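Below you will find one chain, with nothing else, as structure tokens; this is the form predicted on its own, and questions on how it binds or moves follow later.
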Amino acid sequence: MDGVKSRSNNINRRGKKHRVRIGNIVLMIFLSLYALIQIYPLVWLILFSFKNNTEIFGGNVAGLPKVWRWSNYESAIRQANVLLYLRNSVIVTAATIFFVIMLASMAAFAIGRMKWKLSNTTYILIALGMMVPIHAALLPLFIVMKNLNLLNTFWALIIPYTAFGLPVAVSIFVSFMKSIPRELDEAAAIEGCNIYQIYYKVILPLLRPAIATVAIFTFISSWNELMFAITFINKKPFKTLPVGIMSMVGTYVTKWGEIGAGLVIATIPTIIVYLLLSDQVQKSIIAGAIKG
């Protein structure tokens, strides 16, 4: 009887292992298909950028280009000034990320680590900024920028981008700071650190995962923003990539392959930023999940 039971147990274990293997294979197939679906738009855009209008509108929209036209990239860079627009977007986005991280982290430190009466009220007022739609602030901001002579400058974009990025950033930093033990502040104070040294030397280095998360969110919102950019900037030296690529649409003839090349160039920095900061973002998500 014992031998029969052991054999039946072995058969059951083998059956479970076999079902687990089948489940893993099905899961891998599903995840692979999902990854292909997510990556395909980028692949399609790259293939699209090597075609001309005849090939695009001639029925070969999704297939491989018959002729790989590198001239589309040359035209986008030399004639359409995509590199100039790329430089402008880098300047505006980098400045916005810097100001958002510094201002939001300092505000979150004051709200989450310091004790004062209006800390919760201040946090609520800042968080309410997430409910303000960008279109509602367009006209008032335009009037303010015009009165301050900031139109057609980088500051016309950096200031609004920073203001709209602060509510989300402060919320992320405050929630992350709550997971940091307050004993660190007390130990630093005993060692002779003042409030500014505690923020800069103790808290700020521990915020790296949250900083990466805020940086990616701010980058995406600033890099792809069009409404403010097209309203506040109409001079070529200050146009950002979304406005510059939109200006590539001709009045009578539009070279869609060159526009595709410009979009590919605009997409490369986004991919690079995500690859550089994805690990920190995952750490931030894991930390938030553990805390929750």
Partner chain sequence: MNTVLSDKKAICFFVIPTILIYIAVIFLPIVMSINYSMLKWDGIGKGTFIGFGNYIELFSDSRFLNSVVHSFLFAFVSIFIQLPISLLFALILANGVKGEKFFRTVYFIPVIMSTVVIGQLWSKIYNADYGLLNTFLKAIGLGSLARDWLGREDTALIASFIPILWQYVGYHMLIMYSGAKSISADIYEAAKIDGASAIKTAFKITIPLMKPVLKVSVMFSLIGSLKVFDLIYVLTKGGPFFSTEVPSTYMYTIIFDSYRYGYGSAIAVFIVVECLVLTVLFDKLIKV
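Bear in mind the structure is a predicted one, so any value in this text is a computation, not a measurement. Positions refer to the first chain, counted from 1.
One more form of this protein should be noted, the form predicted together with its partner chain, which is absent from this view; the next part is about it.
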Next item on the list: Decide whether I159 counts as a contact residue for its partner chain in the model of the complex under a heavy atom distance cut-off of 4.5 Å.
Entry: yes
Notebook entry, point to check: Quick one: is F142 in contact with its partner chain in the model of the complex, heavy atoms, 4.5 Å cut-off?
Noted result: yes
Note to self: Since only the chain is shown here, I'm wondering whether T122 would be in contact with its partner chain in the model of the complex (any heavy atom pair within 4.5 Å).
What the structure shows: yes
Item checked: 4.5 Å heavy atom contact, I22 to its partner chain in the model of the complex -> no
Check: With the partner removed from view, which of 159-167, 86-94, 70-78, 205-213 is the stretch that lies within 4.5 Å of its partner chain in the model of the complex, judged by heavy atom distances?
Finding: 159-167
Margin query: Using a 4.5 Å cut-off on any heavy atom, which residues of 129-147 would contact its partner chain in the model of the complex?
Written below: G129, M131, V132, P133, H135, A136, A137, L138, L139, P140, L141, F142, I143, V144
